[in-house]
Ligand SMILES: Nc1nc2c(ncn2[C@@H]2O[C@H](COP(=O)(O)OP(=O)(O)OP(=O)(O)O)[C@@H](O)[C@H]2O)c(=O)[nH]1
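So this first bit is one chain, no partners, the form predicted on its own, shown in structure tokens.
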């Protein structure tokens, strides 16, 4: 590959599949599979990240930092049917079609779990393995799921009364106080020891769902939302498992069969049985590697409260990746995810000169709670990246100072613009001291003619992410 460019599109798919199937029938002695989970809260860019990742694996000229490519051992990649018949397929073709449309548009965001298999043919590093087996295959099974679902895991160790107390305490403080006022006013008017009342239960659930939706707006951008499926109900919309809400706990604990409290408590437990446990047992617990996409810039736009809430949410997520045998998580997960990448997305929204600061911010958000918790778990890495690069570097002189800027097509505009996004703070502590921080990072539209040169989509550090996540499995 060092002598001439790799042209994946020159290798017929039917030939690659024939070779793949022959190896499979022979036993596939050295073939291996990695299940890669990709998640992040709404707006973090999961769909675009996966689409760009797959597009670049199929056309790997833009991935020089993936060792198998730089060493000339990467042969080809093709899409294969996903292995799990109960999971929808990640619609790669529709998403790349959106990005390459005229004009290009952003694909729809993740609303449910989906899966895609990419089979990668490569030459192993070992001389003996190359002589014995020749080319080998890595089956990369990419599992896309909403980050809101991960935040439901703590529900499994809480009683309904404990959950109600936590949620109400959280909602009486900070930015949630105003956002939750209508819902709190309603549930505080209810008598939890009164008779079961389906109308009251539905009204409380509607108001609570509206509150959760409000926490996702740009002005708030809060990260801790439970239950996560309230925001993405799918085929469970209107079911009893999604028709409950926290109530004000009664002052005296006693058996309360036939009461509104008992009705809500049963539905809370049903939610755990129907939604939370199956997801973690059937999907999350089977992952080998994990990407968590974090939109740090959007949190900065919303202010210090949003950043503090993001840190709390990431602290909760860290618990998923360090379940020892004495942990309450062990019976659910049974094993650890091997490698986790926490990636600060939209690195193309700030100049390259500020990428180190963006990485330091996500380090700050993660490693302080990790150190306090005595973290022992998965191999963790952080990175500032952009699955799809929408801007280019520019410089502008202002008041005698040369400013590092970016140039792109801002959302809603017809002409490209040069933007100075401001300077990222040095640390999370600096954000807390400055209050809102006066940040206003812009959003950009996809650039035209993506992939028309026959190469993968332009990105920032996608190859470094792949090297950390699967580089060892391509050796």
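Quick caveat: nothing in here was measured; it's all calculated off a predicted structure. Residue numbers count along the first chain shown, from 1.
One more form of this protein should be noted, the form predicted together with this ligand, which is absent from this view; the next part is about it.
With this ligand left out of view, the stretch that reaches within 4.5 Å of it through heavy atoms in the model of the complex is, among 189-197, 281-289, 244-252, 346-354, 346-354. Think of it this way: in the model of the complex, this ligand has a heavy atom of just one of 80, 111, 266, 125 within 4.5 Å, and the residue is 111. Shown without its partner, this chain lists 386, 299, 116, 294 as candidates; in the model of the complex, only 386 has a non-hydrogen atom within 4.5 angstroms of this ligand. Contact annotation: residue 48 falls within 4.5 Å of this ligand in the model of the complex, judged by heavy atom distances. The closest non-hydrogen atom of residue 367 lies beyond 4.5 Å of this ligand in the model of the complex. In the model of the complex, this ligand sits beyond 4.5 Å of every heavy atom of residue 163.
This ligand is not shown here, and in the model of the complex it never comes within 4.5 Å of any heavy atom of residue 303.
Site residues 175, 226 and 313 are none of them in contact with this ligand in the model of the complex, judged by any heavy atom within 4.5 Å.
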